[in-house]
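Next up: a single chain in structure tokens, the form predicted alone.
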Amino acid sequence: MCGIIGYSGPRKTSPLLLEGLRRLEYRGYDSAGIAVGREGRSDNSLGIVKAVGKIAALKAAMPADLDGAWGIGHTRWATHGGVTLANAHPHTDCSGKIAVVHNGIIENHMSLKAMLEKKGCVFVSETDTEVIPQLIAHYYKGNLLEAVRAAVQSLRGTYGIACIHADEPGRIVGARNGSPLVVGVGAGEMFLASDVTAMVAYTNKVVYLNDGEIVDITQDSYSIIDRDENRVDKKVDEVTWELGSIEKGDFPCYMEKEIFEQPESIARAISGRLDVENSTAKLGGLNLERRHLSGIGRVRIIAAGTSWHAGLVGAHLLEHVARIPAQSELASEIRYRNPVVERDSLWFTVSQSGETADSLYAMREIQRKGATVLGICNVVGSTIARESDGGIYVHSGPEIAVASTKAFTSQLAAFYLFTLLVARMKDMSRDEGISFLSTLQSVPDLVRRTLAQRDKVQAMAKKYHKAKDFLFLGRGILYPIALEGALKLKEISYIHAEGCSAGEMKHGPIALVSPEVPSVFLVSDDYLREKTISNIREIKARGGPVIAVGVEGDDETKSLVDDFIPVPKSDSRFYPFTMVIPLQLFAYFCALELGRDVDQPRNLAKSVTVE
């Protein structure tokens, strides 16, 4: 949620901050603002501009002469206080000399505010953030770093902070606790951001901050200290993807681009990780010895949203193929449940961003109880990737649209690789391994062939987009795909949709069936096919329209339903990869028909870094 960009260097600062904020739009926001230091003015004041709405509104509000040698910018996603100009960041102290942008939530802001008001501070917003510049001013004695260090000791909650002072030219101080911050190291210029996408146009050399660390930035240098004021020397990482990967190219929306990138992103996820000679997988990043892997008694998966659905597929696959008990848990629930950690259990935390607050906090709780926790992440250098005991990068490349598509199928690929690895250590024969590996290698092409149904799905969206409610139904390994299809439709079209196990239809959801409520069925060609067809007949008998995503050549299902989208025939265990594609496209085209902002749907953020 929210976005931060800071810059100190010779470039024109205001345009650079605006461009950085534009690249952070995908994170979700409802207002924006910048503060620039203007050295040389008689009053040495900060230039601050805010706007409610999109970055275009902020650009329109900026005076032509607003510029400076250093500054900070922010996109806000409202938590404390409404979407107003007064609540937009940056926030300042009473003097106007200190400006702060902040991601996160300050849990003790009310008590801090009461203390500061007694000392004469006047507050002008409803936000929790405003206590931060006021607190920094309270401690300021001519050194911004020391004032920030003293102030954050009083803060309870999560924060990623960037701060400037009008009297300290070129200096930016940042602090992190639970909300990501990354330093960009340029040639004679420095950056600070919540996400590397904000600065990748200018540098690919980055340093990731850990919780409790404070960074002091000038145009030519940076230094980092920890909570005990010890200097921290950190590795400078290199961003390997290029600027073009976060541009739309010839696509009208990031989401469509990312849907169509899935053959390549899945191929990257499995590239170099298949041991064809031994018909198994190679996952060196797990940091686990073979005897540990072969002794796993149970797998537990913690995740949220789309990543939880990937976990559900992974759990089904591990039980069905590797014969290991497995379950996928909602991170927001398990953290507060005081979960039992079995001695022979292995845990996964799944997160596209690697910064999802619920998943991160749940992971830390599980680790405190002595468990080994592996991460499945897309963003290299993210907090979950750094703090987990090992894991798998899915290598999707930057995913800009808020609604996840390519990261989901790459997460699936990670679970299929892990399943193959442990199954071959247990009961899977070499011949079975060869078959499984061969099908996994074919998945990018199967997805590419499924994407050829684009126009047919678009026509279907034109037919059904005015419906107010949808049911998505699947069984077995396709039940999580039904959940994911319903979530995608809700996220970007704002149409109410419910994902159900087709076997549970008679236990409540069938009451919703009517000619006005379409049902979307996922029909495999496995042992559950006849059961699913029986469920379709029950819906049709009650006058409900039925859309089916099924297997090429399934004429029986095609004859029963109102609309049929075929996917290529393959090993039924791999249909999650192909059957999710029409559901992604259907949600996308319904949203377009309804005039929605597909890449930045209302009320949603790409990376949920607060509870």
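All residue numbers are counted from 1 along the displayed sequence. The structure presented is a predicted model; accordingly, all values stated were derived computationally and were not measured.
There is another form of the same protein, the form predicted in complex with a small molecule; it is not shown, and what comes next is about it.
With the partner omitted here, the stretch from 399 to 407, 497 to 505, 133 to 141, 90 to 98 that lies within 4.5 Å of the small molecule by heavy atoms in the predicted bound form is 399 to 407. Remark: all three candidate residues (304, 488 and 491) come within 4.5 Å of the small molecule in the predicted bound form, counting heavy atoms only.
Proximity to the small molecule in the predicted bound form, defined as a heavy atom within 4.5 Å, holds among 265, 532, 353, 419 only for 353.
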